[in-house]
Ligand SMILES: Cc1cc2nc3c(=O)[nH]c(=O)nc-3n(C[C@H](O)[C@H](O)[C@H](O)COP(=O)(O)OP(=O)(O)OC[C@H]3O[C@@H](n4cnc5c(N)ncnc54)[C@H](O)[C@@H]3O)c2cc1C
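Coming up is one lone chain in structure tokens, specifically the form predicted alone.
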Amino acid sequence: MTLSPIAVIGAGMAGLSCAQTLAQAGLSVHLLDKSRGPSGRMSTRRAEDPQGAWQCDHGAPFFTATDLSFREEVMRWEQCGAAASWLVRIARHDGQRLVAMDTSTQRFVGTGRMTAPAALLVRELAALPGQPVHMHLQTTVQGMQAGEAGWTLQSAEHGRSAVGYRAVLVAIPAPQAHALLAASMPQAAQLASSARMDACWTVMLRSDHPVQWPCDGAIIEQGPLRWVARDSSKPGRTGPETWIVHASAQWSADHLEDDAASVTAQLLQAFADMGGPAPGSLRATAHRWRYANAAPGLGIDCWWDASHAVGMCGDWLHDGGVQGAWLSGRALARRALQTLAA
């Protein structure tokens, strides 16, 4: 007898980790995401100016690996050429000056661009025997309903799914999980509503000439900025010099609905006030992340309701960050397997 597939909603690191664990156990998985490609907030913007092509990591700037199992996975990514250490000269700005920081913490990035680990996982999922994972991109799941044939999903682009799913595993930011599950799984929605996720305005910068600044990355402790980095200093980057500027959570919340031009002007001026380049010397593109960072995570691996075969995973449930997302996705898959394989 052929069992109905499992739906994993969200193809960021949590969803990919979850789908990977399920598929390796031999289960059929449908991986759905509203975007044009996988990776979630491990994102890279690629575009062209009149001066030529450019790219910049505008989501997670780097990740660390302190958990042994995740460290082993990152080492595997390194061996496959999908990740590398970023030997970054990092400092903090205390409101007056830059102060060099200890750089003993190993920071990792995707090789070539931050999406590389996600791309590797997708290729590996596609190569598994029997093609157990089916990717459905540009599919915005807006509702779900339980029936005799399992869970059916409703998406903005394709309407009601023809497939009945034996389980639904939700791997999207907490506010989106709340909206999706409010009608069908109020207990899950209540948990999602208790998580805090901060917004972040991000500005991607391009320069025709090397920017003279004493470090490649800086944590900003005061003012509108939180993080500034020379993105093109990461391993495998090509093209013009690029910088990334992240606003602080509070500033982003206060200016969430401002227009991109106003946000760009203010953040570039803040960078210039710290010794960065004059705003007029750079080309800039802004991006608003409504749900950028778990602040903090809820401190639980995942959430799973065996009686309804519905679960949630994500960095916001764990401890934040790429590592937290990967661990949470794997934990949810293992919980689900205990039920579904019984």
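No experiment lies behind these values; they were computed from the predicted model shown. Residue indices: 1-based, along the sequence shown.
Another form exists, predicted in complex with the ligand; not displayed. Remarks below refer to it.
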| query | finding |
| --- | --- |
| Interface membership of residue 140, the ligand in the predicted complex, 4.5 Å heavy atom rule | yes |
| Interface membership of residue 27, the ligand in the predicted complex, 4.5 Å heavy atom rule | no |
| Partner proximity in the predicted complex: residue 18 to the ligand, non-hydrogen atom cutoff 4.5 Å | no |
| Residue 117 within 4.5 Å of the ligand in the predicted complex, heavy atoms | no |
| Answer option from 233, 176, 152, 264, heavy atom within 4.5 Å of the ligand in the predicted complex | 176 |
| Heavy atom within 4.5 Å of the ligand in the predicted complex - residue from 206, 226, 166, 93 | 226 |
| Interface stretch in the predicted complex with the ligand - options 295-303, 310-318, 278-286, 44-52, non-hydrogen atom within 4.5 Å | 310-318 |
| 59, 63 and 171 all contacting the ligand in the predicted complex, non-hydrogen atom within 4.5 Å | yes |
| Contacts with the ligand in the predicted complex - residues in 6-23 whose heavy atoms fall within 4.5 Å | 9, 10, 11, 12, 13, 14, 15 |
